[in-house]
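Only one chain is included here, represented as structure tokens and corresponding to the form predicted on its own.
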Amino acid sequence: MNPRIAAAAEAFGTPAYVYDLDGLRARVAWLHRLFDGRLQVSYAVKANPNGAVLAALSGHVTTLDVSSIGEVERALRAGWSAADLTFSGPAKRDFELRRAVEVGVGELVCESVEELDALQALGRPVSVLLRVNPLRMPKGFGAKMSGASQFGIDEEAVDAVIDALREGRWPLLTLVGIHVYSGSNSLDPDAIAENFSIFADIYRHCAERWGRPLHRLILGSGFGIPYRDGVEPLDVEAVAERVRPVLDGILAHPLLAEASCTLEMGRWLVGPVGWFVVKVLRVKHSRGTDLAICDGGMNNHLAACGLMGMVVRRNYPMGKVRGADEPIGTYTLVGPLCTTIDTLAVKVELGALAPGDLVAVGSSGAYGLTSSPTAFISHPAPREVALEGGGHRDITEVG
């Protein structure tokens, strides 16, 4: 286990989230090398909205994808220009649209005719992308956003919307591109490549229907990360090898030749460079089970407890922070809450645990703290700590 994790947790206390910001930037750089300039990268703020994370990505990703006016304000506080924000999401309220236009958010991703109407009613020129909900998507994704969905305009209905834009129904709105994001958390390069081919067909069709060049194409990546031991990480080099020809085909179309292709991602970037660290408070034997009772659990990391859509409860990758070579024990890790669902791991093998030991839960940089019910039973909120430049610093925001 990385000794810097132990130092960070010991300096600021537990429970704690620890994020390796140098590692985060290295992952972005790796993507740029693999796709050889064909793709820009956009970071989905919802994955981890900590201001230090957003600031660390400035100059490394091109844009931030925000999904509420609260995320817009977070991005502005972190030093981002409003022009470099793309505002997506199916339930933008009128005051959010108004504020986004006032501060100069670069692009609004429209997901319904009603949203286009609401933007037109603001009385100011706006650049928009249409989000399209595909008719089909391949198997191999952890979560699907297609089908009957709140996300986007159904593919079979998009022609009528483009025609209405071209004919002047929304004269203040300028169509600049198309956004497609239909599935997430895939570890299958073939599935991701097939999905991108579906996107490419949609982009070409929309451009031809519009009859004018499109300048911005957003591809929902769907890149996944392993959430249990024994699962191989996504082979991103294999993804790039399959996807580069798809991107070249998109840019070969005369109406898309000047378009920027942007890979929208969150989980794959920040998930593997984050750990949730807890301290063992008690070790208890109960009816054949060794229980390690920890100072953080479901209230801090709902997903690790299997309560964010996991169909079959599985343990996240985790390890004892110090003393990994000690004799192996099998433990069920529970948090401090008064409910049996507050369970971080079931029958996980770790070094022998004693009160005061630290355990780090991996794959925790995305959809961790802000996806959890931190107010439940009023336990202290976790610290957030950044590893950067050989040191560590407190970047706690929730508390």
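Everything numeric in this text was worked out from a predicted model, so none of it was measured. In this text, residue numbers run from 1 along the sequence as written.
Another form exists, predicted in complex with another copy of the chain; not displayed. Remarks below refer to it.
Colleague: I'd like to know if Thr86 sits close to another copy of the chain in the predicted complex, meaning any non-hydrogen atom pair within 4.5 angstroms.
Modeller: Close contact is absent here: in the predicted complex, Thr86 is far from another copy of the chain, nothing within 4.5 Å, heavy atoms only.
Colleague: Heavy atoms within 4.5 Å of another copy of the chain in the predicted complex: does Thr262 have any?
Modeller: Result no; Thr262 lies far from another copy of the chain in the predicted complex.
Colleague: Find out whether any non-hydrogen atom of Leu302 is located within 4.5 angstroms of another copy of the chain in the predicted complex, and reply yes or no.
Modeller: Heavy-atom contact with another copy of the chain at 4.5 Å: present for Leu302.
Colleague: Taking heavy atoms only, is Ser112 within 4.5 angstroms of another copy of the chain in the predicted complex?
Modeller: It does: once another copy of the chain is placed as it appears in the predicted complex, Ser112 has a heavy atom within 4.5 Å of it.
Colleague: Only one of 24 to 32, 55 to 63, 370 to 378, 357 to 365 has heavy atoms within 4.5 Å of another copy of the chain in the predicted complex; I'd like to know which.
Modeller: The contacting stretch here is 370 to 378.
Colleague: In the predicted complex, does each residue in the set Ile162, Phe196 and Arg204 place a non-hydrogen atom within 4.5 angstroms of another copy of the chain?
Modeller: The answer is no: none of the three residues contacts the partner (heavy atom, 4.5 Å cut-off).
Colleague: Check each of Pro90, Pro125, Pro245, Gly329 and return the one that places a heavy atom within 4.5 angstroms of another copy of the chain in the predicted complex.
Modeller: By the 4.5 Å criterion, the partner-contacting residue is Pro90.
Colleague: Consider the chain as shown here, without its partner, and state which of Pro134, Gly140, Pro317, Pro189 has a heavy atom within 4.5 Å of another copy of the chain in the predicted complex.
Modeller: The residue from Pro134, Gly140, Pro317, Pro189 that makes the contact is Pro134.
Colleague: Within 4.5 Å of another copy of the chain in the predicted complex, counting any non-hydrogen atom, which residues from 52 to 73 show up?
Modeller: Contacts from 52 to 73: Ser67, Ser68, Gly70, Glu71.
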